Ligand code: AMP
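Just one chain follows, in the form predicted alone, and it is written as structure tokens.
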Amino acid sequence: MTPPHDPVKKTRVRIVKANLYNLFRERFPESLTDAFIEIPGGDYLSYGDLERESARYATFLTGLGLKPGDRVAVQIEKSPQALFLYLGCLRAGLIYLPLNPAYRRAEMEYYLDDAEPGAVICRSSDLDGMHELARTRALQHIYSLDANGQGSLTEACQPIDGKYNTCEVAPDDIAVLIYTSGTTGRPKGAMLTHANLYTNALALHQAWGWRAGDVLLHALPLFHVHGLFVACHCVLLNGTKMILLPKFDVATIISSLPKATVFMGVPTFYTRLLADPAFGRETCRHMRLFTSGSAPLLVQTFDEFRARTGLEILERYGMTETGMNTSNPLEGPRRPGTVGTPLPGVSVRIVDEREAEVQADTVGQLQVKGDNVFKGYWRLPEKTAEEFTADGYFRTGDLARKDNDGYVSIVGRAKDLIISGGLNIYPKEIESYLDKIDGVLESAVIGVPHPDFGEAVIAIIVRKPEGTSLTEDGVIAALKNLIAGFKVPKQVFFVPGLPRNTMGKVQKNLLRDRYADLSS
């Protein structure tokens, strides 16, 4: 293989009618035989494979009659082909809609109805269920793609020539529709444009000092911002290699780290690595950067990691709607308990309830502005307008403070979001399912501290008079048939009533205080 080029020397591409894929393509290595993805066992797929396979997907999807702006819903396991499919959608000007494979029927019904995709790609095991959902919807194109790269989509694409003229798009055209939620519990589709994704990737590439020869060890899922955008986009801009693991496994990570230079994880990854005596300085001898995000990193985890490896974890902060906003510095002090300073091109301010900026070290509402901030919520113009200020700042809903040096600390979430193992969980959604269970009068779902996952989901339930036979096991079993496993409460408690303020709103802060010592 030819040695990787140094992408830092390339001139920045002007974003004028530029497809995100073409912007990546400008930074591919000169030799497309260079490795792009290494898979377990040592085999690899090259940048030429990426070019060819993404072209096949783009050709096939447009051959179905899909046009730029149509949505492609994808609920599949992690694989190189899953990443190639994403890039193929970009090349065709289609809107990629990633969905967690753990979502169940009731959840999928909502996403299909709201996004109205022109095609759905799912696992072979889900084909029958997806066809059943399609019967009552204008959904004609359903194909499968499995973790091994096989499926009806692969079979259909096999005869297709691996060449495709990437579709021209405007910077403001939507590249990805990715669902998030708020206190209402109704998932909202965040519209991320080609320019949103490119400018944020470029900012991270610059801030984290990506260089020739960097190798990313990728153990994150591919259905959310962290694994799909933050990780993969940096590699694509760098024109170098990633080691793509199907999932996080401590033993596999420890054996793979000596071949890598960069690792991105959630706090749970780091606590599990530190729990293994085999993890230490020798394991990390070639590593130059560990980053953490998707959930707060405990100071004790930061300190223990530094003591064990001699390296410091770089913590950053982002959202589905914005990509990454802040980062601790590559060169300079990384302050535990903070998420660093604003990235290039991102403006951050902290305001009071009147939206006047507060003084340093004062807690307030965090607002952000920049080319990274999303276009708005899918088919929700009123909600979009509510979330932006008159001067264009996005109201994140997070509570934060900023010190005199500009380092931001996230101190809470005004929207009661729970983050468990790096995954976002929205209490209202779970409560809506709980309240439909026979015998439940009302419920409240909260997150409590957990040493491994960061937060654990618990449910507090008030029974109806006729619901005295309702049990913890029964509630958990009922939810397991309705929602993804990571959303199911780890524990259920029954109480006579929920604490409320004078306006009748449940005081979840009191519940969090009451159950804070449950972690185990």
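Treat the numbers as computed from the prediction; the structure is a model and nothing was measured. Note that residue numbering begins at 1 and tracks the sequence as displayed.
Heads up, the form predicted in complex with this ligand isn't pictured, but that's what we're talking about next.
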query: Listed range touching this ligand, judged in the model of the complex by heavy atoms within 4.5 Å, from 315-323, 143-151, 106-114, 130-138; finding: 315-323
query: Partner proximity in the model of the complex: P296 to this ligand, non-hydrogen atom cutoff 4.5 Å; finding: yes
query: Partner contact for D398 in the model of the complex: this ligand, 4.5 angstroms, heavy atom; finding: yes
query: Proximity of A207 to this ligand in the model of the complex, heavy atoms at 4.5 Å; finding: no
query: 4.5 Å heavy atom contact, I410 to this ligand in the model of the complex; finding: yes
query: Heavy atom within 4.5 Å of this ligand in the model of the complex - residue from S256, T384, N424, S79; finding: N424
query: Heavy atom within 4.5 Å of this ligand in the model of the complex - residue from I160, C284, I350, I419; finding: I419
